[in-house]
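There is one chain below, alone, in structure tokens, taken in the form predicted alone.
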């Protein structure tokens, strides 16, 4: 097996096929049924693209993302913590992941994950109401959003205004069908990008098909 570094603690593992993995920051335990690899005494976790839009973006050519060891990350739409667990690996034990999830039933697993990974800080709240957690989240080095709401762009902008450092990266997973089911997804993305240009440099747009249908990931830099 051969490892090729993508960025801090993220690698392509090549054997019979190419598999994206993160170097585990905590244990040998699988979080959501992903494969575990022990290579040279280090534990690597498969980052499944059908379970994570962030991972899918790498399979579609994403590279050079500014996320590193010891970074502070605000993650909106954390769900049960699948992708959060890999972000937790990337920022390491010196980093912090502030994970916001509105659905209490999903947040149960997120809270349990945080008990095993002390760099995850779960926040059970509505990302629309960022003022509710403004005193609990510092200025962050990365904002990642995966929220299925019609006003998802407004949510992203509001949280960026409050928490994302100037010049840092925002990653916005646009769920086009949540915004408008009657319009071509490509047009929906174009419309949302126009709203974002006032405050962000749009670095890249990645269509996540076939891993995630009707989803694109925007890579943005805060002006």
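It should be emphasised that the depicted structure is a prediction, and the values quoted were computed from it without experimental measurement. Numbering follows the first chain given and starts at 1.
Heads up, the form predicted in complex with a small molecule isn't pictured, but that's what we're talking about next.
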query: Any non-hydrogen atom of residue 112 within 4.5 angstroms of the small molecule in the model of the complex; finding: no
query: 4.5 Å heavy atom contact, residue 108 and the small molecule in the model of the complex; finding: no
query: The small molecule contact at residue 89 in the model of the complex, heavy atom, 4.5 Å; finding: no
query: 4.5 angstroms heavy atom contact with the small molecule in the model of the complex for residue 73; finding: no
query: Candidate stretches 22-30, 49-57, 164-172, 62-70 - the one whose heavy atoms come within 4.5 Å of the small molecule in the model of the complex; finding: 49-57
query: Site test, 120, 136 and 160 vs the small molecule in the model of the complex, non-hydrogen atom cutoff 4.5 Å; finding: no
